[in-house]
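Alright, two takes on the same chain below, each alone as structure tokens: structure 1 and structure 2.
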Structure 1
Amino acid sequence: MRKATLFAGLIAGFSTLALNAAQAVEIEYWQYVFDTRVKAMDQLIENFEKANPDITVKQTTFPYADYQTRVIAAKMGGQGPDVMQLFYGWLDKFVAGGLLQPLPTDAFPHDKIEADFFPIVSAMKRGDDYYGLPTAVRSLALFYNKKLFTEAGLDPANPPKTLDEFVAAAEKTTKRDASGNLIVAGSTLDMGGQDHQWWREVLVRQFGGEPYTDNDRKVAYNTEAGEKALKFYTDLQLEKKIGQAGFMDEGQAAFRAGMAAMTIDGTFRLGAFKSIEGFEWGVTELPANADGVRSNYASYFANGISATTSGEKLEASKKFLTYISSPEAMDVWLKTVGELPARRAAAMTDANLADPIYGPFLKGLEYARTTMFVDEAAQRQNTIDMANRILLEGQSVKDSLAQGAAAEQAIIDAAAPK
């Protein structure tokens, strides 16, 4: 008897399961592996499935190094995600390869996108279409070590506001041993880290130039302004001697170890720096120039819908994308991952702006720019080499800049669709 009841129960259970399966639409979401991002997405999926019981979302992740290749290979194999995460800088490649479909305007009207999101979302627009929406964005700020500031007689509550103050503070905090070896750097110098973004989008503009024109398809920094900006950067090591490229291997490692008083880095570094125990650190906006000109570099991962998704899966994907770019999702993302909300209203709350850590990053977002890379790795490498030619080979700033500009133009031209 008991067996029969159990059996009946099982049958009933299976049948409801089967019924659910018949009704439910399953969509697949892809992103790369990064512990907090995966956790945040798990939570978002749970919330979404609760609100939409007829949709299930399956999250698949890959190591960052493989991620692009996987997405592209999956397209060739004819089976990929319905909704996928992508770096804004990959968009050209993904659109050219037919991986993404334009966001349907019924669910994502352009005027709404442009009114609600930060202007950098325009990097997801090609022609008249948007191809993705970010949940969170990242910007740069100046991290400083309060302990080293105090030791050098600086006020830790009053970090540098201008480039001159930045250099002065760095000079005061730099320490060398008797034979002149650097022991504490005033500031990290790491072109391979975030300094190339700082140079490109911030310093070049602050010295009166423009990094690119023509939608970032023409290199425009080979000017006097660009030269001044590059000289300012390389002089930090060569003349002011407040740091050294390669010191402690990486800028962020030097700062973490308490061996650099300042470093320029992004929101994504907050997680790693939060575990620092040896000293207190603070964050402030990137220094302005003498005329008060500020700039910043923002970047983001966006979510887009696969070109092959259609029918009820497309409807489900639209709902899911709407949810993961909603203010609620952005709040979850900020709390779990530490990245800034991509919607102005969700980001610029009084609480966020008053936050000593998020505040400076959010202020930076207001005037941030986004470089439209064609090949981020190659363009970054080019800027690293430009600085290294001056630092290691003694090439003149003017020549190195001219060589770098020509090389970067060649990279951009090579990537242009033929």
Structure 2
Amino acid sequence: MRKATLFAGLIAGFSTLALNAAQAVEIEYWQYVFDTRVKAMDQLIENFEKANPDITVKQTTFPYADYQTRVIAAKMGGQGPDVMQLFYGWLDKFVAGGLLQPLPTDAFPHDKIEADFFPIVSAMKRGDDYYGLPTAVRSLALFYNKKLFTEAGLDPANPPKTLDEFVAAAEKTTKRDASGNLIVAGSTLDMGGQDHQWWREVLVRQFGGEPYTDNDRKVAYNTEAGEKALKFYTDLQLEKKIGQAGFMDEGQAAFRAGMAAMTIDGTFRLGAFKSIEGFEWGVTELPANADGVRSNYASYFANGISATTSGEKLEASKKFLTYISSPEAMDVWLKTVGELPARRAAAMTDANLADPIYGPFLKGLEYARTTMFVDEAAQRQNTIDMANRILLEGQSVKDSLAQGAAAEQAIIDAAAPK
């Protein structure tokens, strides 16, 4: 009798497990490969699944260079993620390709979004609809190697505050061998990294211009101010000789290897730089011009829901997106990746503002702009090409600037609704 009771209990237990398994919903989340971001999302998924045992989240990642192609190809094949990460500058392409659905307003009311998040969240809105929400936002700052500063006789407690001081510090920290080959760059020069943002949204403005007008749909930098800004940038290699495009392949690689004294980069590098044992570095606001004018560039990756997700998967996706956009998730992201919380109240705490690392980035957010790209990859490549024609081919700054402005205007015009 006892054996029969135990057997019946086991059957009931297995039946309950089977029922729970049958009722569990699995959704898939996609992002690109970046070690600290993947680690942070693993933690968020673990937290979410503990609180929602009826939902399983599978994370899938791809190399950054392949990511957009994989998302588009999956959509064409009738597959793909339920929740996906995307750069805000890809939104027009993703909406036009039918990859995203508007965020359901029952879970994501617009008044709450606009009250809680930094204003740059509006870059994820088209017409009356939001298509995604960020977990974190990024701004730029000047990273500097304290050891290289000390070796050059510079005070690491007093990093450059102006463009002139930046150039002077870069000249003092640059090292070359007997043949003149660069062995330590005073500063990285990497248009493919964040320098294209520095030139576009910071230097152009500091030299008296603006990069775009008409809601970023009209190129406006083919001016004297734009020419001065581009000459300042390319002269860092050609005249000041404080760095070299392509040195160590990537600017961040040169900096983390101790082969560059300074680099301009974003908050997303903090997690990686912090992990290097014995690496002493600091962060300061981007240099102002001689008149004290500052500017910055703010950006983010958002998370959105696939256009094809529906039914119980849609309900599960709404819950997951709500969690990864929560203050708790933002705290995990800040500690693991280094990117700032996208909710203003979560970011602008006294502790964060006083932090020597987070503080400069938060200050930068106060005067940052967010470029409304229509095709971020193409517009970035156009800026890279514009600099390379000067650095590698000897084209004049004026001619390369004019060529680049015309090419970018064509990119923008091609993306306009027909």
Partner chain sequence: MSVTADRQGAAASRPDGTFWNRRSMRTKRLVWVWSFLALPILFYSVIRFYPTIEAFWLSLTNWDLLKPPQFIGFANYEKLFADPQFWKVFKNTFAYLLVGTPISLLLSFVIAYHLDRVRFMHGLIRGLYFLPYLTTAAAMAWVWRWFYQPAPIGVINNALGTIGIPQQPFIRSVDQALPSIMVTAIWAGLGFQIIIFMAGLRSIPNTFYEAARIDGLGEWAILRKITLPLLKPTTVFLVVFSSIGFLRIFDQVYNMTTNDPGGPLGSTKPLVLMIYQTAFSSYAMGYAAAQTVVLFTILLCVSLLQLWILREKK
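Nothing here was measured: the structure is a model prediction, and the numbers come from that model. Whichever C-alpha set is largest while still superposing within 1.5 Å between the two forms counts as the rigid core. Please note that residue numbering is based on structure 1, beginning with 1 at the start of its sequence.
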* Asked: Pick one: which is the form predicted alone?
  -> 2
* Asked: Based on which rigid part the C-alphas fit better between structures 1 and 2, which of A115, A354, Q79, N181 occupies a hinge?
  -> A354
* Just how large is the rotation of the smaller rigid part between structures 1 and 2, in degrees? -> 17
* Fit the two forms on their core, then tell me the C-alpha shift of N52 between structures 1 and 2 in angstrom. => 9.1
